[in-house]
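What follows are structure tokens for two forms of the same protein chain, given separately as structure 1 and structure 2.
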Structure 1
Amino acid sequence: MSLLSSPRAAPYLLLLPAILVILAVVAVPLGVSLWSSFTPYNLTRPATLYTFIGWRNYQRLMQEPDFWWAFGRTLVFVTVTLNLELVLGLGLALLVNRITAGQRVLRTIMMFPMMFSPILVGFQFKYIFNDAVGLVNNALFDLGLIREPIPWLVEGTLANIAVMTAEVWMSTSVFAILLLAGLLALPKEPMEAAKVDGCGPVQVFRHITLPFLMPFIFIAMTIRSLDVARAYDMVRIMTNGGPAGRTELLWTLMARIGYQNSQMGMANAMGYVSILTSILFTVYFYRRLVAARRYMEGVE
């Protein structure tokens, strides 16, 4: 009783509802899914949730080449799309920042791809890259550049490029908007001082604009590295991980194993490997973010 009435307990008591809600909506499902990854849990046989099989699911994963191919492809997918989105988003943000008239309209237009559901984006790009009736092949035929249709969604490298293109189209604007916010918050004085000291535009960008933007870049990278899993619907529609697993990513494989095959225990084991990878990405970006902020403080 005295413990609860102590002034030290007050903050914890006030936080208790929030803690309970977080436990209910985050910790419990995470705990259950972690437990299920140590069981042969099958959706249509609920009793299997109570059969403990230790590390068997994880051991199977370690020996499964298809899983490791999907894992490696996912890393490449995340790395390439994040970097492309960053470069293109930064370019867009810099261009829009230079415009004085119609900036609001442009900002709104820039956000259009974000408003599409990933499923719609998947269908859109599936038909753009379709080998028989697709926009790209039709354009190339009309220009006389090809005589045979290019199998965009079939050939391994092309299929992955097509999927990445769709992802980059959908999400570059997230980077652009976040970086534009950074550019708008940029103090003018250091830039004017640099110009007075004779710095060219490239030097100003390299030594002032970019360091100021780095925290925004890392925040965007952190958010996007977690958010890139939204590409599931898109990949599912465009290629469903195929053909022959050439575009299989961790989340298309997990969905197939978990929902189509009902092997939720195995799918959750894959999910935990994926979560650990995401955590590594997040930790890396946070460290870079903290380093960038320290650098900024030094500059200031």
Structure 2
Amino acid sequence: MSLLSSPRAAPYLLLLPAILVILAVVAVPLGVSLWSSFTPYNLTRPATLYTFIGWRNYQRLMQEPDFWWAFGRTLVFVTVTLNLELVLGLGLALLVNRITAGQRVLRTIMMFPMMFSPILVGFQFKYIFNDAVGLVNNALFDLGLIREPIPWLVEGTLANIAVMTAEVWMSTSVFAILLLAGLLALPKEPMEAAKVDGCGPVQVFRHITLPFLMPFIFIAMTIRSLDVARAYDMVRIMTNGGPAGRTELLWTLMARIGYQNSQMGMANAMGYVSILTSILFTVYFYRRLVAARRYMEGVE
């Protein structure tokens, strides 16, 4: 009782509700899912949650071709979409930064795609790429570029392109907003000095603007890599992992294994492999961010 009434206990007592909420919402589910990844836990047989089988789920994953296909497809998906979003976002930020009138309106318009839920965007692009009534095929027909409808969501490669297009459309504005913030914070003196020394626009961008933006780029890459790696809604709505699993990413495969096949232990093992991959991406981008900041400090 005296311990609880001590002044030193007051901060801990005040933090106790928050700690309990974090334990209930984050720590307990994480602990249960980690434990279940070492069990043959099946949703239709709850007692299997108490059978410890060690690393067997992880060993089975390493021998599972569907897992490796989904893993490779996820890496390609993350790499392609992140780089496209970076290039397009940087272009948008540079354009908006050069505009002197109506910049606030443009910044608001740029944020529109972020306001839509991934499910809604998935439905929109499912309609846009529909081979019978979709806007893309109709436009190509009207322009005389095709004579037969293109099966955008039926053929594997085209379906992946369609899903990536939807993801890029929705998330490019994240890069644009972050990079525009970097451009607005860019000190003017080095640029003016470079112009006085006779540097052209390309040289100013290459040697001053881009190095200054690198920390912002790596922050955006870190945030988006975590987000893109968890892509589920868009794929689920547009293709449901099809055709024949050729657009299935790690999270859609996990949902199928866990909820359709009821193999929750295996799905959780897959989830932890995915989390470790995301952590590796984050560590990589964080190290690049630290290196970029050191470079900037050296320049300053």
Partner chain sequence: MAVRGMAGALSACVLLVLAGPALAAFDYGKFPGTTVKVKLIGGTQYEKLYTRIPEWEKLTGAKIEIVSSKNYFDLDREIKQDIAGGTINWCVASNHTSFAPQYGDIYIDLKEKIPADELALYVPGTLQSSEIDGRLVQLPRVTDVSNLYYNKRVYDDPKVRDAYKARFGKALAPPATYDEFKQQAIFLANPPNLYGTAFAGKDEGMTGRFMEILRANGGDMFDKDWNPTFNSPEGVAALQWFVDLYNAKAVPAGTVNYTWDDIGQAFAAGTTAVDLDWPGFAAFYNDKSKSKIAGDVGFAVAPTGSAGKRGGWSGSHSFSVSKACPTPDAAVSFVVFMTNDESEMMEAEAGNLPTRTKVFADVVAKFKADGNAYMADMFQTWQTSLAEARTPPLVPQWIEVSNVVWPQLQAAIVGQKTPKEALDKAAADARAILQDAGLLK
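Whichever C-alpha set is largest while still superposing within 1.5 Å between the two forms counts as the rigid core. Here, residue number means position along structure 1's sequence, counting from 1. Treat the numbers as computed from the prediction; the structure is a model and nothing was measured.
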(message) Between the two structures, is it 1 or 2 that corresponds to the form predicted together with its partner chain?
(response) 1
(message) If I superpose the two forms on their rigid core, does the C-alpha of residue 262 end up displaced by 2 Å or more between structure 1 and structure 2?
(response) yes
(message) For a quick test of reading the superposition: does residue 43 move by 2 Å or more at the CA between structure 1 and structure 2, rigid core aligned?
(response) yes
(message) Rigid core superposed, CA of residue 24 - does it shift 2 Å or more between structure 1 and structure 2?
(response) yes
